[in-house]
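Consider the single chain below, provided in structure tokens and representing the form predicted on its own.
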């Protein structure tokens, strides 16, 4: 009995040591309100992917913060002078999580899979894929595409395993997601969490990582936390080790935490208010303009964000050349102009501060997603609209259901939303007549906008020409008041220094796989 007891104690002790060692190789990350609710990890058909996507799927290229491109699954690439052919050399020795090889035939299979999807535009200019040899692929173009490298670096162009993709069909990305990335998907529960385990065979990291081999962290649980205040408390109390996104209003409290490190990199996001141009009273462009000029961008920037980031007066992030529009198109706070436009549109101020026309109040729906930051900014927008005579009634949706509501097309009027993207083609995504309901929440289907869209998306031969064409498209969208710009956040994330060590310099435009490959647990 005593012998048994000793063996039992030794076993318990060994298990405890083993458990501690295992835990030391694990970490818990959290995506917050902006990323909660992604329904799958299918990079071909997905329209919303969260940060864990980059850990599962590699792309051909990665983009650094200085906008330069670096090989990931591609080793090198070259373009013919007329822009009609691109030849990519692929990295040797790359395998998918299911053991299948990555080679030129995968690319030949992959590109046609985009046909008919929301992401088809990213490869629309590729006419034919030629397999030159096992590790060389050539794209024959229908037209020159100066944006091709950016597209290949986007999060929606992770390369899936052909075998798994075809076998799983609609279940790919839900029940399993097979890529070549540094982590394998162990489990995924929509809106709750994704568990990832290290890909021990990984030896093809890019030059944006010091570590080119397997990740140092053995297991990562990515939790989805819709309430920013909850996410903050979880980081404070050790429930999570890293927040992918930190709302600016939590910045002072996080900076006061001695064991939390806050890092800030250039922003990739715009917060804005889409306006449904197809429902009353916003079918009247004067009412749309009045709503847009009612938004006090500087006040929101100062009071809610403490002056971190910048006020937004256009739809694109300020680092893009296409954002440098003629100042006459920029949308800035002008309450006097807003009131004048409403007067001209026949809306007169009522005794309760709400305007009236033909016996109807200027009462509109203002939608937002749950999460502390969204709710606070929406309340500020509500107050600013009230100042010029709108009564805006707020409805809060969870992030996973609000898109379904937009797709009804006539249920929404105003909303507070954000997007994160580093290319001007986001204008096509949110304002093209091909995507009414969602992602074109504004429901803009305007002949002139469509004409400028086609020119910007398909007729540009050089990068300079593309910038000029997108600037013209951007200016026209601004002139239609299909949205009101609000705020351009800085990209802020935070982690526990008691649990994690991250590199001092963050390469890339976001916190993605290249940084996580270099991350380690401290205990």
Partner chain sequence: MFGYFLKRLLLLIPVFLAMSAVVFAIVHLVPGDPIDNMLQIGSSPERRAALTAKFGLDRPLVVQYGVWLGRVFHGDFGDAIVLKQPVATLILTNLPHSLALGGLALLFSTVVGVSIGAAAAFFKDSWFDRSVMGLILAGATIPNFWLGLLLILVFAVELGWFPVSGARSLDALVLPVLTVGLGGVALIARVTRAAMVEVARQDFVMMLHAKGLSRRQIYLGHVLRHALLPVVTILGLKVGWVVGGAVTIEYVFARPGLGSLLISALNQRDYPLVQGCLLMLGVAVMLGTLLGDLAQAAMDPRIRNGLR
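Residue numbers count along the first chain shown, from 1. Given the structure is predicted, the values throughout are model-derived calculations rather than measurements.
Unshown form predicted in complex with the partner chain; subsequent notes refer to it.
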Discussion item. Just to confirm, with a 4.5 Å cut-off on non-hydrogen atoms, which of 404, 330, 210, 383 contacts the partner chain in the predicted bound form?
Written reply: 404
Worksheet entry | Answer option from 273, 73, 225, 137, heavy atom within 4.5 Å of the partner chain in the predicted bound form | 225
Worksheet item: Among 307, 369 and 488, does every residue place a heavy atom within 4.5 Å of the partner chain in the predicted bound form?
Response: no
Discussion item. With the partner left out here, check for me: in the predicted bound form, does some heavy atom of residue 239 sit within 4.5 Å of the partner chain?
Written reply: yes
Practice prompt. Please check if residue 359 has a heavy atom lying within 4.5 Å of any heavy atom of the partner chain in the predicted bound form.
Written response: no
Fill in: Partner contact for residue 201 in the predicted bound form: the partner chain, 4.5 angstroms, heavy atom
no
Fill in: in the predicted bound form, residue 302 touching the partner chain (heavy atom, 4.5 Å)
no
Discussion item. So if I measure heavy atom distances to the partner chain in the predicted bound form, which of the stretches 315-323, 442-450, 404-412, 77-85 falls within 4.5 Å?
Written reply: 404-412
Discussion item. Could you pull out the residues of 116-150 that have any heavy atom within 4.5 Å of the partner chain in the predicted bound form?
Written reply: 116, 117, 118, 119, 121
